[in-house]
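In structure tokens, the next block holds one chain alone, the form predicted alone.
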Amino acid sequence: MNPATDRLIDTRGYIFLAVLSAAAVLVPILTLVIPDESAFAMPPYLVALFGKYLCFALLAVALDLVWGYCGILSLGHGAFFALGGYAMGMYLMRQIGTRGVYAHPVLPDFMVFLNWKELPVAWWGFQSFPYAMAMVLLIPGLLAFIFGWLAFRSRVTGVYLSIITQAMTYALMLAFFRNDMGFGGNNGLTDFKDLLGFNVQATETRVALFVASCIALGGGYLVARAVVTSKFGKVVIAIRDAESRTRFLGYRVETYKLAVFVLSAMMAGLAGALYVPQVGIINPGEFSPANSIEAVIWVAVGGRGTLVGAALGAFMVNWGKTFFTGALPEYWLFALGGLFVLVTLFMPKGVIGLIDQYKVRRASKKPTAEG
């Protein structure tokens, strides 16, 4: 990279964080302070919608960390996202208590309906919020560690690794569809009542979750940026560009890939945990391989290896999805596929790449003081 490119990267990072900070301040004001009859008031449904986009953006940043900087094309990051969501969903289900349909003090409604007599071991401890949040990070991280240790130690790379990650999330989807797994089967977990004592349907709670999503996305970006700009990150980028050469130089390539893969999985799990209370449900459909592939499209559209571009791509594609599924629902998948082909052929560096290219060219054409 040249100095001009480095300055652009820093500038767009500052702009990204500034926009997130502004949104975290303005959205509560527009939703809670401005009267509903005002043209500037923001309806609660938009708060939840944009909060969902923020969670997707965090997932995209997590995926960009491993794909854009380490060269690991994961088609299974939806699994880590869903596992984090299930961990949060289990906490929310434990908070329902006797307010459920069957009014059981311990068992969720679906367990009572299926004649479960006692709470499964996997559900123990989820009545505690700190324990649930620890599981939000630990469960995806542990799965990523086990999977990564086996795959990277065996030197599985390229398309073979991508296929294996896709098989992983598909296997989890089939497992979670089973009622005897104890996670709600096909219906998943829903009918949540409150979070930390606050009604999840209340506007104030939705706003708080939106702000938390802004903070999580900003924090996730800063963590990822710190990683890729460190000495550790330089080795990770070297692995992406020339893995064999990096190994011959004496670096333990598997250790670096495993560390960044686990970190990325934990970020995806946090995104899933923030997503669930905002949409009000988590089911096995979140494990669908199509969701992981769609996340790859977000990163490609925004700009692989840019972090900010990944978040931007998540917003752009999901806004388009919201619009087209309402206006032209039968053509949305064609539009998504066409967008991916367009980006692959004409914008290999995504939207951010085009913007950077334009700015660098413009800066190089400016006359110098000597001229």
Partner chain sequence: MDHSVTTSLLYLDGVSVSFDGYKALRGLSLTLAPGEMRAIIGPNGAGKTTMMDVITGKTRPDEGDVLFGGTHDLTKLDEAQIAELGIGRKFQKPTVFESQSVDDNLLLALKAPRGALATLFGKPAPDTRLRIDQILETTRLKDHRHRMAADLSHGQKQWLEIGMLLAQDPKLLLVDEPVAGMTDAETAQTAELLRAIAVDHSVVVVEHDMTFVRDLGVKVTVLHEGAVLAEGPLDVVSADPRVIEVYLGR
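Just so it is clear, the model here is predicted, and its values are computed rather than measured. Positions refer to the first chain, counted from 1.
The next section is about a form of this same protein that is not shown, the form predicted in complex with its partner chain.
Taking non-hydrogen atoms only, Ala171 never approaches its partner chain to within 4.5 angstroms in the predicted complex. Proximity of Gly250 to its partner chain in the predicted complex: non-hydrogen atoms within 4.5 Å are present. Although the partner is absent here, Gln201 is not a contact residue: none of its heavy atoms lies within 4.5 angstroms of its partner chain in the predicted complex. In the predicted complex, its partner chain sits within 4.5 Å of a heavy atom of Asp241.
Only one of 233 to 241, 125 to 133, 176 to 184, 295 to 303 lies within 4.5 Å of its partner chain in the predicted complex by heavy atoms, and it is 233 to 241. Taking Phe145, Phe152, Phe192, Tyr256 one by one, only a single residue has any non-hydrogen atom within 4.5 Å of its partner chain in the predicted complex, and it is Tyr256. In terms of contact with its partner chain in the predicted complex, the residue from Asn291, Thr246, Gln166, Gln95 that brings a heavy atom within 4.5 Å is Thr246. Scanning 66 to 99 for heavy atoms within 4.5 Å of its partner chain in the predicted complex gives no residues at all.
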